[in-house]
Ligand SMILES: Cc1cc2nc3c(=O)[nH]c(=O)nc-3n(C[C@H](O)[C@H](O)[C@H](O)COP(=O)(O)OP(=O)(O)OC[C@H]3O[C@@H](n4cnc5c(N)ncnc54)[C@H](O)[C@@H]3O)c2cc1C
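Consider the single chain below, provided in structure tokens and representing the form predicted on its own.
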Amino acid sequence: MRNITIVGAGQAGLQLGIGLLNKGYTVRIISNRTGEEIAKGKILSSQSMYDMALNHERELGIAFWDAECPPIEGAHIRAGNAETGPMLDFRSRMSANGQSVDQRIKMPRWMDEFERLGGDLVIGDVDMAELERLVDTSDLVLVATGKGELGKLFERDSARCTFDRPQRAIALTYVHGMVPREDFTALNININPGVGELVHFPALTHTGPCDIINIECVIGGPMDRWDAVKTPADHLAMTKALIAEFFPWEAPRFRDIRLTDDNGILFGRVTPTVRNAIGVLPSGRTVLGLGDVLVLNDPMTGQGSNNASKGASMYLEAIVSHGQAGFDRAWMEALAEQYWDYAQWSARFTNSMLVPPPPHVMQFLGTCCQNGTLAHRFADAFNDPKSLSSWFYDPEATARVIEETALSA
């Protein structure tokens, strides 16, 4: 059977590797950290995932946390400021629940499963010379990490990039002690225009059910104060202070929060980036990118892990259906375009949340406050951003959707 090497042991790499093992392939995954190091380290992301992506895990038998992970049952969108309170406010259940499992739990468990199924898990760093050697011994090499010099292999695709710099300073915090919602668990997105966003949702970490808080601060704005934060206690204090000041309608739920652990914090700035999918080695041979290497989104809408899961499933199908034919550049380019045909919509959805909405989007969101059908449609877009592609970005099409929904109500 064919020999596949994957560099990177995250959502995309491990999911694809396990899928290939199930199909009888010989698979090697190279990780720069052991499962134990990941488990004991800092949080890696916020990783809210929705039904389409989760079903790919279920199909492979690796959705190990369905019974214990708190569900994300819907979405609640609010926009306003400290003076006026929420001026826009709507909520809806999703058609199917989402969930978020701390990757410090998930990746080590998947690494164990990969080895149990017969996969070769190698711990070490990969430089360009090692990548050349891997190409020598593999039918196909996939790169699912952009760390170090490997990231330079995949050039930025300027024609497909909306931004060339970070749009938010991002602070993640895993906490216990949140006051529960009274209706249903939700992806909560609170928008303070021109200032930033407060996003939070239930999750599972190594200390049990928790909530993940994502504070997205407009660069240089009044919430962009994180450079002064030095300790986990400072991080928690800043989180509570910013919520109280800029999202006071949410503040009572956060009054008694505490960190899940000192590693349950993360701060950084992400430049949303689309890269060319094919990396050309010094020898002229090629490797194929996978996951965040190709499309890196701001975490505002939680699309990163969803893209990774959907991409891994797409790659699995393409590899298996290719049979014994060579994985040449033409095959790589065709698969990359197939992936972009989907991933472009998650990127566009996310990027649209990082800029002031145009009038037709404001009209749509305002109508959601009175129209449960539209609110439900928007809530389900987090599961499938492509569902917005035919109308959300076009003023006339959006007006038709609003009118048709009103007539059918």
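Values in this document were obtained by computation on a predicted structure and should not be read as measured data. From 1 onward, residues are counted along the sequence shown.
Not pictured, yet referred to below: the form predicted together with the named molecule.
Site annotation in the predicted bound form: the residue of M94, I265, I170, M332 reaching within 4.5 Å of the named molecule with a heavy atom is I170. With the partner omitted here, the residue from G220, P180, G326, G124 that has a non-hydrogen atom within 4.5 angstroms of the named molecule in the predicted bound form is G124. Of the stretches 341-349, 62-70, 362-370, 44-52, only 44-52 has residues with a heavy atom within 4.5 Å of the named molecule in the predicted bound form. Remark: F201 counts among the residues lining the named molecule in the predicted bound form, judged by a heavy atom distance of 4.5 Å or less. Taking non-hydrogen atoms only, P282 never approaches the named molecule to within 4.5 angstroms in the predicted bound form. The named molecule in the predicted bound form is approached by R33, whose closest heavy atom lies within 4.5 angstroms of it. Remark: T273 does not count among the residues lining the named molecule in the predicted bound form, judged by a heavy atom distance of 4.5 Å or less. The partner is not shown here, but in the predicted bound form the stretch 1-25 reaches within 4.5 angstroms of the named molecule through a heavy atom at V7, G8, A9, G10, Q11, A12, G13. A shift of at least 3 angstroms brings the Cα atoms of L296 and G148 nearer to each other in the predicted bound form than in the displayed structure.
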